[in-house]
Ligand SMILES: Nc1ncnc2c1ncn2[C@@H]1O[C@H](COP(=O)(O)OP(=O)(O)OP(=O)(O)O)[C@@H](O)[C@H]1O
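Below sits a lone chain in structure tokens, taken as the form predicted alone.
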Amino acid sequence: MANSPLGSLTRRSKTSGTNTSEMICALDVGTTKICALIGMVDDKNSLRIVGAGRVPSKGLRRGMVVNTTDATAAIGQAIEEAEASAGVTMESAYVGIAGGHISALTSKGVVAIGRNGRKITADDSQRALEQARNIALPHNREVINAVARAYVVDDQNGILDPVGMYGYRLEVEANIITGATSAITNLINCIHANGLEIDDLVLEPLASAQAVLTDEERQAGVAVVDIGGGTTDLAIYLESALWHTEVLEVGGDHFVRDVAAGLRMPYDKAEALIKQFGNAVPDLVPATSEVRVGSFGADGQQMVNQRLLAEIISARAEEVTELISREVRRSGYDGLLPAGIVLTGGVAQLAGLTELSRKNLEWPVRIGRPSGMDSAVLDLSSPEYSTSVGLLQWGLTQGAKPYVVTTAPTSLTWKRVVEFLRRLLPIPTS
């Protein structure tokens, strides 16, 4: 692990200086958008978003970096927008990761508590998880997350949180999320190039689940399906624990390309057309409705029948729901999901998708939206912000104690400090 790109990612806590406030930052690097959020934590451990930056994504495809120059620039722009709106600088962030290179396996970790026994601490739980992480992998694979399913204290099974219990031996069964070293390294390098450290890399469906699932759904059995621009991310929860995750290489980008090719129009025009007039159920669209849109050719305009548009979208939506159904059944947990499917992500806003999913899937279906997040800078109630908001909540509940922001951010590079101050003050360039 000495040369691992994740080797330097540690959950950090800073407690220096005066005039401080606790801050957690998130960076959602997606295929269609990059979103940076800055949240402040009050004395009641409630999170309030004070800064947000959203820019179109560049240099990424299906969740992975394909052009480091473009991706680095887009990430930097999102960070700058968030810093400008908050009036503070981002030192580090919880970063979402997805892509077809992601896979998962199960592992167990065991640690001794002591010959005489004692109360189990959070450090003991972390030691057990570290043991579970210590698995043999190919040289081109890295562990991203280790998420506990359940603990065993001595001979007592099915424990969700062993902290505070008395015992001699602690065992954990965990989901180990792994990814391709090259894909992870490329993402990390683009972030570090902007002077930003990484508190933790978090698999995006785990972050989305933090934002949209209820405790009752997790306990009963539920699948959260995040349909983003490049991938569809699936996570299944049973008895309040993660039991299965998968990344499907199909997303909103496929819908847009289908429409662009079928109607012979530019990609950006096709994307805008879907957002404004798209529907996944053709029968819900009047057969005679038409709309004038952009196209290729000398005229640059054409009339499009909205029923035809819906038929193109519906074909892809049928495929996506079939892939979701197939993956849930392949997991073996299809009979254990009374809470059904929670759809989230940008594509979840597509008109008719909920109705189509209810028809094609055997489970209850609802749209998952982030809630309970106070923000004065951006409306974060849309499903497209589930991962972004979930990353903040992950940092608050799963990650480190929020690091403390002081009035003298000495750990930032001088270049980023000067750039930040230049946006606030008329600092001469020479």
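Numbers for residues come from their place in the sequence shown, where the first is 1. Bear in mind the structure is a predicted one, so any value in this text is a computation, not a measurement.
Form predicted in complex with this ligand: not shown, discussed below.
Participant: Is there a heavy atom of Gly228 no more than 4.5 Å from a heavy atom of this ligand in the model of the complex?
Facilitator: Residue-level check for Gly228: yes, a contact with this ligand.
Participant: Gly30: heavy atom within 4.5 Å of this ligand in the model of the complex?
Facilitator: It does: once this ligand is placed as it appears in the model of the complex, Gly30 has a heavy atom within 4.5 Å of it.
Participant: Even though the partner isn't displayed, in the model of the complex is Gln349 close enough to this ligand, meaning a heavy atom within 4.5 Å?
Facilitator: It does: once this ligand is placed as it appears in the model of the complex, Gln349 has a heavy atom within 4.5 Å of it.
Participant: Is Ile79 a contact residue for this ligand in the model of the complex, using a 4.5 Å heavy atom cut-off?
Facilitator: No, Ile79 stays farther than 4.5 Å from this ligand in the model of the complex.
Participant: In the model of the complex, which of the listed residues (Val256, Leu187, Ile75, Val212) lies with a heavy atom within 4.5 Å of this ligand?
Facilitator: If I apply the 4.5 Å criterion carefully, the residue I get is Val256.
Participant: Would you mind picking the one in Val152, Ile274, Ala339, Val143 that has a heavy atom within 4.5 Å of this ligand in the model of the complex?
Facilitator: In short, Ile274.
Participant: Using a 4.5 Å heavy atom cut-off, indicate which stretch of 389-397, 31-39, 65-73, 358-366 touches this ligand in the model of the complex.
Facilitator: After filtering at 4.5 Å, what remains is 31-39.
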